[in-house]
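Only one chain comes next, encoded as structure tokens, the form predicted alone.
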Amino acid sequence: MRALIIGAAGFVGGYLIRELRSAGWEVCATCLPGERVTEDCPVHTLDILAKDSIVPLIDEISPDVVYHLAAQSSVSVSWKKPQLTAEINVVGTINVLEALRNVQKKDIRTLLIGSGEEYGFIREGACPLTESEPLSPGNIYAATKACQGMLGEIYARAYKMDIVMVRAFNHSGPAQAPIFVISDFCRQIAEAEAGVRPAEMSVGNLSAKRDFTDVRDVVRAYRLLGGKGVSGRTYNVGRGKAVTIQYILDTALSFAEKEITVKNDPARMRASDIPLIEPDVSRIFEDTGWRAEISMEQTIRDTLDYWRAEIREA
């Protein structure tokens, strides 16, 4: 199998390259000018907003599976830069789909990576969420990802394209940017342990409940969906069990090597925050046999160890 990962310089890209290569896949990747892909594979420069450059690249590589990872993936950034988020996540996706519709190879499978945030303002009693639950996005990032999934469904039906949609719930692990909660907490703890900052942490809303999965489990799901997913279907990818952000904080603090106080920071509160998001993951298990295997505690411990090493080397 030959895969093309579009947008491989991000957090998930390196893990996906490693996962596919370990399974014997041939992997090529793209990134923006000035970006760097962390894993060893052929890398091509590509901006999905430069639509005329996509077809020649796909024709050159002739992949069996395309993983579309290129996105503005931060909820907080989407509030600050809504237009940029829409351009990358919606217009960029249209450019990729149009390119795939017009390439020479007609049997390419495409995975569009969306988000559990798409479910948004969830009706009472709806959790765990099945893929048929109506979408009601509660933030700008989620709205663009919901649009991406709808576009995928339209192209799959109208043009008989082999497209699989994914709604990936929160995933974390070593090397994730600290704009995401587990990495943020772990970095603050590591900095406090090293004396880089006072022995205190700033936090936002701790009552929200979210489903967290290790990124190493998530990319295994992507690999399996690349081979066993049903064309035209949408799949939830997550642990299937939501926990509070307070639980994440308490677990991270339990691994700290010194006492750290916690302070609420109003600046960390989002303009809109959904109380509970939890997926039903039975569909992906039925079609591929996938389920999350790495414990949340292990993810947090590994992420904290990553930040400890980063700070020591700084």
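Keep in mind it's a predicted model, so treat the numbers as computed, not measured. Residue indices: 1-based, along the sequence shown.
Keep in mind that the form predicted together with a small molecule is missing from the display, and what follows is about it.
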*asked:* Check for me whether the small molecule, as it appears in the predicted bound form, comes within 4.5 angstroms of all of 11, 48 and 69 - heavy atoms only.
replied: yes
None of 265, 35, 250, 257 but one has a heavy atom within 4.5 Å of the small molecule in the predicted bound form; the exception is 35
The one option of 185, 141, 119, 235 with any heavy atom within 4.5 Å of the small molecule in the predicted bound form is 141
Of the candidate stretches 203-211, 141-149, 126-134, 226-234, the one with residues having heavy atoms within 4.5 Å of the small molecule in the predicted bound form is 141-149
Check your understanding: Wondering, does residue 73 line up within 4.5 Å of the small molecule in the predicted bound form on heavy atoms?
Key -> yes
Exercise. Does at least one non-hydrogen atom of residue 88 fall within 4.5 angstroms of the small molecule in the predicted bound form?
Worked result: yes
Checklist entry - At the 4.5 Å heavy atom threshold, is residue 113 in contact with the small molecule in the predicted bound form? => result yes
